[in-house]
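First, one chain by itself: the form predicted on its own, in structure tokens.
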């Protein structure tokens, strides 16, 4: 008998949601994958392991190779070299329809002449499941995604968010070993996107299905994933938990790509410190050693600045954005340098556009790197 919430309890054989059984997650591995398009290396020695039941998000700029990696796992992209393994088995040469995958794309790709129920049951019909069992499973999955009452509606009668829920239910209907999500929320408005990402994560956790999620949206990646992989030029730059990638980037690219940072000139001091904006602050733990006196750039998050109204200050507020409890202030400094600081909205009366301010660094930099060539 199911719990009130319908979620499977640890060690129980009871199903989740509307009677949808959980799946045992499988391990997924992409090992030294190479894929070139002419002179462009879409995947360049790409390796990634996804643990059973884990959701990993691939994040990176356009053209970094994240969708190519997903398509290689799906069997939709032929590798030049490398290996794809699912559940310990080499599936590199296995056709897509025999890999046991469910896929959801940015385009909903629903059949317009089929109801939501018929769309979800389509893959089951191809598998020659009897009609009564097909309808039962499709109803269960629509209940799971919160669309049980809309089972008889056609796609044009559903909102974009509802259509994407149907697409998710259809992908889950065939009981895939792995779920692949390729920018599934990018066509939706902000509010619906936030709601649906929470629903996808809930369902993924309830079903225990191994999932690879490709997105360009940092907020989606950081809020949904167990681990985030940041890509550039066909390579993984860093893979780690969301807080690890945000707070402890391994290089300047990750630091500048994930979240917002300001690059500020500084000088390395004695005793693992750096002089920045008139203050001595600790170097980040584990950073490469720089000789005292070296000129460097430090990367600081918006929350790592203190900004004070000061008519003798060297900073000039050039823009600001009110965001409810906080505001972002863009301050121009000599150099020229421009920083973005997160301040409490209570400071709005003092830190106004055109006002002189004093800017201080309040903590250890996120990352320390050599200055850009043009600044040397």
Partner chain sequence: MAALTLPGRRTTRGAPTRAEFRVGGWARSIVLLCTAMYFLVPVVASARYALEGAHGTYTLAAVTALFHDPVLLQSLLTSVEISLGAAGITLVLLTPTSVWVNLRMPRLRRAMESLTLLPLVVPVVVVVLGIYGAFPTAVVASPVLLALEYVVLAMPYSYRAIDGGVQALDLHTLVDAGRSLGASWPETFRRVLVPNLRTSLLSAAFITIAYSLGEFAMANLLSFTTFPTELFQIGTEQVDEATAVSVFALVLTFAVLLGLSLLGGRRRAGGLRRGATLSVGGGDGIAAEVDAVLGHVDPGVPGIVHETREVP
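Rigid core (definition): largest C-alpha set, two forms, superposition within 1.5 Å. Positions refer to the first chain, counted from 1. Not measured: the values here are computed from a predicted model.
One more form of this protein should be noted, the form predicted together with its partner chain, which is absent from this view; the next part is about it.
Trainee: Within 4.5 Å of its partner chain in the predicted bound form, counting heavy atoms only, one of 99-107, 85-93, 268-276, 185-193 shows up; tell me which.
Mentor: Correct option: 99-107.
Trainee: Does any part of residue 112 reach within 4.5 Å of its partner chain in the predicted bound form? Heavy atoms only, please.
Mentor: Heavy-atom contact with its partner chain at 4.5 Å: present for residue 112.
Trainee: Using a 4.5 angstroms cut-off on non-hydrogen atoms, would residue 171 count as touching its partner chain in the predicted bound form?
Mentor: Residue 171 belongs to the contact set for its partner chain.
Trainee: Using heavy atoms and a 4.5 Å limit, would one call residue 154 a contact residue for its partner chain in the predicted bound form?
Mentor: So residue 154 counts as contacting its partner chain.
Trainee: With a cut-off of 4.5 Å between heavy atoms, is residue 234 one of the residues that contacts its partner chain in the predicted bound form?
Mentor: No, no contact at 4.5 Å.
Trainee: Report the residue, out of 229, 123, 284, 249, that has at least one non-hydrogen atom within 4.5 angstroms of its partner chain in the predicted bound form.
Mentor: Among 229, 123, 284, 249, a heavy atom within 4.5 Å of its partner chain in the predicted bound form occurs only for 123.
Trainee: Just one of 222, 129, 76, 205 has a heavy atom within 4.5 Å of its partner chain in the predicted bound form. Which one?
Mentor: None of the others qualify; the residue that does is 76.
Trainee: Taking the rigid core as the frame, does residue 153 move its C-alpha by 2 Å or more between this form and the one not shown?
Mentor: Yes; residue 153 is a residue whose C-alpha shifts (by 2 Å or more) between this form and the one not shown when the cores are overlaid.
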